[in-house]
Every structure is written in structure tokens, then in C-alpha cells.
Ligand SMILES: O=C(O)CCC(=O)C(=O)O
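Below, in C-alpha cells: the form predicted alone, a single chain.
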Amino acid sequence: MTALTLKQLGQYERDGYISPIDVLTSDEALEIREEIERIENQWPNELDGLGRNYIHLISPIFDRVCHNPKILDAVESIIGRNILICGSTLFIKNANEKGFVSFHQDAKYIGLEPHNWVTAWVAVTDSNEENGCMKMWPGSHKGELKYHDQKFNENNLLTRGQTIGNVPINETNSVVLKAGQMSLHHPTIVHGSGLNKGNDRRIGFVIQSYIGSNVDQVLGKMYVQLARGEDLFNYHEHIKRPIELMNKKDNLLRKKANDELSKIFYTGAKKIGKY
């Protein structure tokens, strides 16, 4: 079974990404936004810094998104039947703030090998050129991993401010998504995003990433959920799905997962950033 068409699979092989893919209704996307704002209001600062990661471990709503059959069908088309969820991240750009994401490759620091994995970027709000949508450099996934400068920019939403220089902006494509749509991108494609110049928040929920069960974490430890199929390798620690928002035990587990993730992301770094 494949949820993606031959044309879409061809685009992924050629360009390193696919978009847009319809996965959620507008009401479902709004429910996610309301969950974010509920957490922000009731538990201030909970989603700041490292708190933007692993939200699917403390929210049944985000957990359901990660296990959404439409998303998993598309992912299965790329990495196969045995699918693990190994992380999630919120990328929120508020209006009138200066947050951006420098051009980078996910595989540079994440430690997942081999590259039988894919990242799902789900638009919680509309994502367009005005509010800082992602830009992809098509075909850039086919070469070797590129040199990344570690800038630690104050407004960069990446951990180290990892930045690839001399990206030909005129060759990049804007990934425009409506709320409820997603894109899928390859671990080694060069991508980034600019400032939000709109008058509303731009919110992306990123399942980073869906991995085949043959993918190991070579830099540290990861907590995973089985999304589909079976885990034939048992490289990672399996965890249960949440049943209520902000459960105390789930929060403690998320802290452990974030501590381990931080070690992975900052392996070899000279300093630690806010994410």
C-alpha cells in the first residue's frame, strides 16, 4: 500500500521533499492551536526553550497527530512499514518577533543513521511567504552533508544556529501550506525559513522524525513510540502514549527525553543555546 502517488514519490526522489499533503481538517488544526494556547495560559513557560520538544508525550491531542493514519500512510510510502516516532518540535513564530531558521540539514546533528527517516512538518496555521514559511533547496539532499557554521544567533530557532553559507536563494522553493496540510522532507535537504512579517502567529508542528526501525541513534539515547509495524532492531527505549494533558509522570519522562536530546544536539559544541 502507498498513500503517495508515483508523481509525489518522484518529486521526493528528485527534489528531496513533497508538499502540500492534506492530513488534517481546519477544525483539527484549530484544536492543536487551542491546545498550545491552553498550555501557554495554564503552564506559563512550559513550551519555552527545550520545552518546545516532545510535546506529543504530554498531550493526547499532539499524540493523535503523530499517530494520524493519513500521515503514517504517506510516511510508509517513503520509509516502509515499520515506523517509530522519535521526536517532535514546535516551531512558533509570533508576529512582530524576529525568529528565523537558518539554512541547514537536519541530519547534520541529529545522529540518526542510516537516513531511512523523514520529517513531517504539519501546518497548524497557514504558512506562507509573508509569515515565514519554509524554503527548500531542491536536489540538495543528493550530495554530502555540507559544512555548517555554528552562529548561536539570538533569534535563530535552531539549537546552535547552524548555518550553511552561500545557499542560492533564487533556486529555493517556498513551501506554502494551509492549516492542516503538511510537507515531508528528506534528512539531508537544505532548508530554512525567514521572519514572520504577518499579523498572526505562524505555527508548525514538526514530527522530527519518523524513522524506520533499522535506524539507530549513534550519538546518544532516544525515547520512541511504535507508530506502525514492528520494531525489529530494538535500538531505542519504547514509551507509552499519554492519556491526559500534563500528567506528572509524562512530564518527568519528557524531561528525561529532552535532557538526552540536548546531549545529542550539542555533541561537540563549545556552548549550549536556549533550545
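Note that the structure is a prediction, hence the values are computed from the model and not measured. The numbering used is simple: start at 1 and walk along the sequence shown.
One more form of this protein exists, namely the form predicted in complex with this ligand; it is left out here, but the text below deals with it.
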Each of His191, Arg202 and Val206 near this ligand in the predicted complex, meaning some heavy atom within 4.5 Å? yes
Since only the chain is shown here, I'm wondering whether Tyr109 would be in contact with this ligand in the predicted complex (any heavy atom pair within 4.5 Å). no
Does any heavy atom of His104 come within 4.5 Å of a heavy atom of this ligand in the predicted complex? yes
Since only the chain is shown here, I'm wondering whether His185 would be in contact with this ligand in the predicted complex (any heavy atom pair within 4.5 Å). yes
With the partner left out here, check for me: in the predicted complex, does some heavy atom of Met134 sit within 4.5 Å of this ligand? yes
Report the stretch among 85 to 93, 72 to 80, 144 to 152, 172 to 180 that approaches this ligand in the predicted complex to within 4.5 Å, counting heavy atoms only. 85 to 93
Residues in 231 to 256 close to this ligand in the predicted complex, defined by a heavy atom within 4.5 Å, in order: none
